[in-house]
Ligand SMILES: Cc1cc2nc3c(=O)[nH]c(=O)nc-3n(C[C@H](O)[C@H](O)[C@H](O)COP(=O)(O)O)c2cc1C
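To begin, one chain is listed below as structure tokens, in the form predicted alone.
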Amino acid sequence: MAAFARHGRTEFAAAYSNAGGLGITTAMSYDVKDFKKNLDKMEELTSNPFGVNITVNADGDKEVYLKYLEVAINAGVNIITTSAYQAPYIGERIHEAGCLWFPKCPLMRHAISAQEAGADAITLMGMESAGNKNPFQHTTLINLTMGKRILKVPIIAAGGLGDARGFLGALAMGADAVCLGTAILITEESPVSKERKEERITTDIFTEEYHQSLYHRRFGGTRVPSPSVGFQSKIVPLKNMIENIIQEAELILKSWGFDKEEFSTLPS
């Protein structure tokens, strides 16, 4: 599950974990004093694994980020993702606590730097991603295929993914997992308003205006969702969405002649 600035809240993250994914609650969605209460609530809402995201700003207060991190560590969370700016000091503390660190990186040089800093896995964001953009991002295809050649740690694919073929394609291009962001904001459990969800579903991703808004080639956020909205035609429960992706992926594999019961990207 991607990290969301305003929407990465406990109930949404727990629903994602209950649907079979790895729910991620965004620490900065809460005041530090209230963060522990919401992690306790996560434990009540799901018995499945979940993680915490810490979004790092260039001019942010390191001590504040570390306070959030300590709350997560003390609560027993062992998967921490970071996004926006690199934060090796956060990675160091994560490893000191015996936890796993998954930074999110838009550029290969950022991914290499994160790997050298000890990242346990890296989320590679293609230029198809929504949210903050880097003008030097490559496509999801190039990030994954080149990342598989260059990086030694597991890769999590992000950017424009929202259906079974995208899921299988990411695995075939070198990803060990996929990160869903824009696509799940249209689900029933998403805190986004119904009106906003319906607006996203009807987005025409093939217009010139949409294209220029998404691939604007400058630092900063986008004004449009990722093209994964093109795969959605209605608002559905998270569990249904994830199950549909997996079931359709299995049917596609069978149509290709794959007849085994288990599909793994891990080396034998």
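One-based numbering along the sequence shown. Small disclaimer: the values here were computed from a predicted structure and weren't measured.
Although it is not shown, the form predicted together with the ligand is what the next lines describe.
Of the heavy atoms in S83, some are within 4.5 Å of the ligand in the model of the complex.
Put simply, N143 is far from the ligand in the model of the complex: not one heavy atom of it is within 4.5 Å. Contact between P103 and the ligand in the model of the complex is not found at the 4.5 Å heavy atom cutoff. A residue is said to contact a partner when one of its heavy atoms sits within 4.5 Å of a partner heavy atom; A130 meets this definition for the ligand in the model of the complex. Distance criterion of 4.5 Å from any heavy atom to the ligand in the model of the complex singles out L185 from the list I94, A111, V77, L185. In short, of 113-121, 156-164, 67-75, 86-94 it is 156-164 that has heavy atoms within 4.5 Å of the ligand in the model of the complex. Looking at 224-246, the residues that come within 4.5 Å of the ligand in the model of the complex, counting any heavy atom, are S226, S228.
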